[in-house]
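For reference, the chain that follows is the form predicted on its own, supplied as structure tokens.
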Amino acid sequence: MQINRVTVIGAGIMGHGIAEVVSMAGFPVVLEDAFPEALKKAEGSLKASLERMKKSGKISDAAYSEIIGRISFSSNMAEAVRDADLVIEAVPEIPDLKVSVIKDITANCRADAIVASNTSNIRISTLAGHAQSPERVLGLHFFNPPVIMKLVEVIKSDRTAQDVFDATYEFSKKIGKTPIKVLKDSPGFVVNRINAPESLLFCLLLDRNMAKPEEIDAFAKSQGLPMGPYELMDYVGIDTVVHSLEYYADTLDKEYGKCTYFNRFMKSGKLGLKSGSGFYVWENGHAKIPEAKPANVLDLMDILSVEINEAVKIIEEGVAQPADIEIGVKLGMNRPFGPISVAEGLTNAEIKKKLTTLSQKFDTKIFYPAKSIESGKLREVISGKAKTPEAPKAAETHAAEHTEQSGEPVRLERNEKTRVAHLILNNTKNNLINSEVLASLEKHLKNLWNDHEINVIIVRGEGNNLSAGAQLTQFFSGPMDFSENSRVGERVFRLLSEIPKITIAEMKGFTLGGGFELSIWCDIRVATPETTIGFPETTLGLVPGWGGSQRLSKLLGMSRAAYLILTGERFDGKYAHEIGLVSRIFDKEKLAEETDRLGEELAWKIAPVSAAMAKKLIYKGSEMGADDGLEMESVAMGLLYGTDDLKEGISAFLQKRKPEYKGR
């Protein structure tokens, strides 16, 4: 089933944004709206958006013209959908309006066309029930603004055909989005469903006069969030929040109707940004928030526990699998972590206790622990191993699918011809290092350990940087959790010096903090004159925690290491070469080429058994007395005497040819 021609119904903010995304991916698209003035406004917005991209260098003049050329505008529904392979409904979130539009689409489109609703909350089964071919209807929920937000929820109704679901999922990837699978139709789907109990919690706090909006928003910002919950509700629209809670009260749990504070604002016309005032007065697109001390009526664990609880319910109901929930919340809410990774760092008992307390405090069963948490099976359900009655096969296959889709944060590329392997960091623009990066790096190093076809490993970063350091926004439940992350990083990085291969760090762009530590655990370091290097940890209230405080002094001496760590001073590759930290300096434009050339040269020139033994002597010898080190050296000489590599090395020398080492 191929999707080549697309029609978007509704030229509002979401509609014209979706049309722009589709056209940028190379697909012709028709944007339809019953109101010509809406189309005219949409065309202006589209061109303004593309002009900004052109000005910033993201697209060329030619690309701009091609994208505009692929978009056509129409006020005739029948003509707009006649030849479409996929029709996306993007009209306002009003159930009756969406039902009417779905009816019109299916009455005029081809019998084999796919019809998708961009609804953010309404069950797809409700809409599909009014279509002529309900099996060809599904949800395709883009996030606002569609041009920027990567997430798309692909939602299966009770009657959606599997080939329709699969084709739409693949199409979402073709237009540059990261789709997640909503396997069972549920109000709010994944991201908004997880937001639902939070909205209720923040309403009940005001209903009970426990704190003022600005106090809770101050608390949220003190936890590192860019925007507090009430400022965000003002931005989205208080009426939108009220309508969502009303819908959840009708379809999920009547206790969502307990919220009354928000309703009073909506009835008085205070809708937030769109009306000029809500919880706050808005001027020039910004909220005027009164100064306030952070509220002490809740803590971060209250919010996180509510999110985890709802995520578990979603898994139990077969709505989505853990990996998709994690990705959905991270991308849909612009967060560095989702509820699954947070839950992995907590115990079932502490989450259960927190939820039980919240449920009693606010007298609502919505906050009461989900069945799996109540029975102590949190770990099983968030691992994806629990077989829910609704979707047992999905639980078994989904993890592998998701890994293939999203890719690993460290990519392994091995070349038997050159005998060189590359470990390429590929996590965020700056290749930040988190627990997933460490796990991926450890896995690849262990797989390469006894790989006799590989003699040299080059560690480099995707893009312009090796790594700007640790991903400091990663969630940790407490000091012990943070300490364990340090221990794991130390252990993984140390493998680079212990593995019986030559390891080379390609230091480029930002090589800071954890990225610097990764480099100094390698055997050889190369850089460009412009590489920015340093340990900024002490300027952040930290210390180098992945071996840097111990390793740097062994490489540079205690005095110089103390200066670089205690000052947090950054220095360039040229200085690093002068002090002996970096072995080779290459031009920025030729760094990868020259590093690969060095790696290949060493892979063929140096006997693998000699390299492995020399590493042990150098690194272990630095940790022991001279007599013990010399004794270890003499033992190593004896061990090497009987190796095939030694015989080959001497033969090649006498015959004046290049050696053919086998690592034996």
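Only a predicted model underlies this, so the values are computations on that prediction, with no experimental measurement involved. Don't overthink the numbering: it's just position in the shown sequence, from 1.
The form predicted together with a small molecule exists for this protein as well; it is not shown, and the discussion that follows is about that form.
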Subject >> Interface membership of Ala63, the small molecule in the predicted complex, 4.5 Å heavy atom rule >> reply: no
Subject >> Contact label in the predicted complex: Ile9 to the small molecule, heavy atom within 4.5 Å >> reply: yes
**OP:** Examine Val543 and determine whether its closest non-hydrogen atom to the small molecule in the predicted complex is within 4.5 angstroms.
**Re:** no
Original post:
Looking in the predicted complex, any heavy atom of Asn485 within 4.5 Å of the small molecule?
Top reply: no
Original post:
Taking Ala196, Tyr248 and Met333 as the candidate spot, are all three within 4.5 angstroms of the small molecule in the predicted complex by heavy atoms?
Top reply: no
**OP:** Name the stretch, out of 595-603, 44-52, 28-36, 615-623, where some heavy atom lies within 4.5 Å of the small molecule in the predicted complex.
**Re:** 28-36
**OP:** Identify which of Phe165, Phe262, Tyr256, Phe142 has a heavy atom within 4.5 Å of the small molecule in the predicted complex; exactly one of them does.
**Re:** Phe142
Subject >> Proximity to the small molecule in the predicted complex, single hit among Asn434, Thr126, Ser440, Asn118 (heavy atom within 4.5 Å) >> reply: Asn118
